[in-house]
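The chain below stands alone and is given in structure tokens; this is the form predicted on its own.
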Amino acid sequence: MLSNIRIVLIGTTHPGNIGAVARAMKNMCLEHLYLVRPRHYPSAEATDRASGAHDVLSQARVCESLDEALEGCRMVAGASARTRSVKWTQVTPRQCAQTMLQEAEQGEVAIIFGRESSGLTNAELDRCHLLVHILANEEYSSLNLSQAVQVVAYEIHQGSLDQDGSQPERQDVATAEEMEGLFQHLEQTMEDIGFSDPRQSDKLQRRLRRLFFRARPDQDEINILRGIFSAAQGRKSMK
């Protein structure tokens, strides 16, 4: 199961944090590190901070986009300390670990962490089924990137040791890229039929994403929905 779990870092500024994350992952038996547009990598400082986790670091995959980093994933969680105007499904690190371990029994999953200074954007959180929030001192709640990864990775490792043979999750749910194709088609359909103005529909689109992420449609259901969208468009093609 642990081999199906990805840790994804987006836009990491300090290479030392990448090395520290690799060390935190190896401590907790996680292997797959994905780096989306890191500012400085490869880096001797990252290697120094990895402190023996050089195998995790050397196998890290550098990606040009979040789409590339999430390819093939059946569930995505995002870590963020900020509250948002649209509510995501919010869980603790322990709850996140339980969910991701169940999903990892059937396929690949990802947990994404944002930039040191600003975290994840709303557009990046739009790719997530759930939001991980680490409870901390309200007056000083900012964690270092590697600390946040360590907390989540610890819960995943502990959860893997404590698994009780619970019922596995569905095997046929849509992947991240299939869900993104659905959302793009839905947005275009709503524009084509005059239901929404693309300049004013960001909040509405986020609410609809939350709805479909809760529903966890499978591939056949995605095809049915997109067929309905196409009919509503008068069989128009996607732009």
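Everything numeric in this text was worked out from a predicted model, so none of it was measured. Heads up: residue numbers just count along the shown sequence, starting at 1.
FYI, the form predicted together with a small molecule isn't displayed, but the following is about it.
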(request) Assess the spot marked by Ala79, Val132 and Leu145: is the small molecule within 4.5 Å of a heavy atom from every one of these residues in the predicted complex? (result) yes
(request) Within 4.5 Å of the small molecule in the predicted complex, counting heavy atoms only, one of 99-107, 153-161, 113-121, 68-76 shows up; tell me which. (result) 113-121
(request) Flag Ser141 as yes or no: does it have a non-hydrogen atom within 4.5 angstroms of any non-hydrogen atom of the small molecule in the predicted complex? (result) yes
